[in-house]
Structure formats: structure tokens, C-alpha cells
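Okay, so here's just one chain, in C-alpha cells, the form predicted on its own.
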Amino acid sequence: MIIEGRVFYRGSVRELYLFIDGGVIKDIRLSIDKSQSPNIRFMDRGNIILPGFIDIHVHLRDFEQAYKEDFYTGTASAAAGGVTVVFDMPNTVPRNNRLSILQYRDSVADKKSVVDYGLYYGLPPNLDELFGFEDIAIGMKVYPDDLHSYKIDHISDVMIYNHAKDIVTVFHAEEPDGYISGDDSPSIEREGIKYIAGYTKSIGLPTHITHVTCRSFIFDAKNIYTSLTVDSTPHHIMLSSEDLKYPYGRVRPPLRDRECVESLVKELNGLIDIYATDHAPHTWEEKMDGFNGFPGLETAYNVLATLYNKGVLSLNRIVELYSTNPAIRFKLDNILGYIEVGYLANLTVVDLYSSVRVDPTKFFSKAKHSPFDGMKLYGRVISTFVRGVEVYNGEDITVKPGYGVNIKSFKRGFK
């Protein structure tokens, strides 16, 4: 197959032809003899072909919480948002922190997913459940209550293993005692971030801190450990504590004041490394009971496009935050994050300028609500390709459940 269109290629948009075979970009050309190339897919020149988005923080639920979301509806939601790879969090029911559960979760995901996926592993209860998890999982996720409830020598053994294996370890960084007691004050997040930065620096652990809510917290972390990376979410970037009230506005870490929101927006061009949704689907009844989190996959690109139209973000920076930098951080940048020969043909085709009114009743996600409900945003996902196959055509999912595979099964563009 050949795709013709305006392609984001090496930092600029160019009219190009992408030759795709076996799920991989085989060639990139400025021109071709069309009479000799009948199988051309033309993308309207009002749209732009980007490296496929990668979302490193999603909760796809399934298992005993399939009523909230499952791997099909969650990855369909991702496809509709232009996301070609999702990383699934381990706070499932049952918890994904034993090797047998990790293996089972991979088998469930393999049967249902329509985009490719990675799986995080939770902090295991003992070292027998540790060895070899990295063969299946993309990384490990550590929660504040993990740090509170496990003996420090156990934590140290796990982190030393992760360091030795060069495994990216993602931290939800809030001070454990305060987190467990329900304290949502900024000091709880600040102290948690400072502790994690100092501890992981001491052992040289590849460290990522997720959903940071204020610029000063990022500065604290990177001032301690320059090698760690951070992400922030669409809701923390766009919404303040004044915009969404309890119970619907409940999320951890919480929405902060307008000053923190404005500081995060500025740091999208600075200290923030990655953009990630923390897609956290719940039923409406659960949200009205104060459950934490929001669905985010189907509005994430719209938030970025809105900031682009406001002059806050360049197209280059959008690609860095939601494609290139995630690939680099998780050591996938030899197959993902760029449009290059030899890379997987994961492509997100977007319109930057159309205005949209957010209507969550049309979501593919089972969570038919949104913190952006009714808001006017910009941008539209025209098409999503995973390994050269169109999985979303702007309206519908176009592949069967099970097309998506574990991204760990790829090496240098080949399965």
C-alpha cells in the first residue's frame, strides 16, 4: 500500500508518498509514477499525517471491572482519539502484580484490542513473582499505598531488580500517609515527588513520575534527579478546581488552582516530557459517588489541537509530547515515534482546525461522560493506522477485536 499526503517528516510537513508493506514503512518518496502504482491511498491535503500517538497512562479495566471498560471498548476509544499504542495500568481487579495474572491479562488483551498495547506490572507481593515480568510488561507502576504497605527491604529489592534490568518504573508520587488518609493538599504531592526523585536517583533507576499537577513540583523533581521524566494530563492542563466541583471533579491527584493550571500550560514547552490521559472510565453512578478519574482518550487530541490553535503549542511539540517522547522514554524509538523507513506504520491523520463540541454520548468508551462535556474544542482525527492497517476511519472501528498486539513482541519493526 502507498499513502499519499502531507506528512510530518523530520520536523516539517512535506508532500510525500509512504510505501507500506508487512506493517512497516519500506520507503518514503517525494514523487512516484502513479501509472505504475495503482494502490494509492490519498489523504486530503487539508489533513496531516503524524507519527501515531502513544498514550502511556490508561486504565482499560476489564477483568471484574469490565462493566466500566474492557480491552475492546478502551482500545476502540484510543483508536478514535488517534492513539495507536496504549499502556495499561495494573490497579485492576484482581490486581495485576502476579506473573500468572500478567500472563492472563496479556491473553485477554490479545483477544480484544484493536490498537497495540503495553502492560504495566504492579509491585509484586514477593520476589518469586518478580523475575521475568519484563518479558511481557512494558514497565512497572508504583502507587503511594505500595510504598506505605510494603517493607522497605522488599521495595529496595524490587527497585534494584528494575535498575539491573533497565526497566522504566512509573510512580504515582504522593506522600503515602497523606494519600491513604485522603489528604489532597499540594504538599502531599510535593513531598511525594521529592522523596521519589531522591530515592530513585540514589540507585540510578529509570524513573517516570506521572500526572504532575503544578510546575513547581516538576522543578523540584528535576532539580533533584535530572534524568527522570514527567507527564501531565489533559484535565490538569485545561481545568482548575474551580471548573469542576465534587463529586464529578474528583480525581487523584486533584485538579489544582488556576495558577497551577497556567504554569502547566507553559511547561508543555519546557519541563513536561510527555502528555498522557490517565484515561479512567467509571459509570456515571460511580462518578456521582466521588470515584476518581475521567475518560480521556477521545478528547486528548482535541485538547492539543485547541492549544495549537491558541498559539500555545507547535505541531512539532504535539508530536514530541504524544508520540516521540513516549517512544524514547520506553525504548521503543527504534520502531515508533517517527515516520521513517524501517519503522512500524503507525500513523494518525488529523485535521487541526475543525471546531468540535464535545459529546460524550458518542464515545466508544463505556464511560459516556467527560470533564469537557459541551466544550468547544478544535481538531479532528480523520484516520488511525496501526501497522499499516486502518483501524479507525473517522467514524467507525474497521478491524476486528484482537488486531492489536503487545508492543513487547516487536523488534526493529518486525513481529
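Numbers follow the displayed sequence, beginning with 1. All figures in this text were calculated on a predicted structure; none of them were measured in a lab.
Just so you know, the form predicted together with a small molecule exists too; it's not on screen, but the next bit is about it.
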From Ser107, Asn292, Ser227, Ser156: within 4.5 Å of the small molecule in the model of the complex by heavy atoms is Asn292
Heavy atom within 4.5 Å of the small molecule in the model of the complex, from candidates Tyr143, Tyr308, Tyr195, Tyr338, belongs to Tyr143
Ala137, Lys165 and Lys408 - do all three of these have some heavy atom no more than 4.5 Å from the small molecule in the model of the complex? no
Partner contact check in the model of the complex: of 376-384, 58-66, 354-362, 35-43, the stretch with a heavy atom within 4.5 Å of the small molecule is 58-66
ask   = So, in the model of the complex, is Arg256 in contact with the small molecule at a 4.5 angstroms heavy atom limit?
value = no
Is there a heavy atom of Leu321 lying 4.5 Å or less from a heavy atom of the small molecule in the model of the complex?
-> no
Just to confirm, Ile272 within 4.5 Å of the small molecule in the model of the complex by heavy atoms? no
**Request:** Give a yes/no on whether His282 approaches the small molecule to within 4.5 Å in the model of the complex, heavy atoms considered.
**Result:** yes
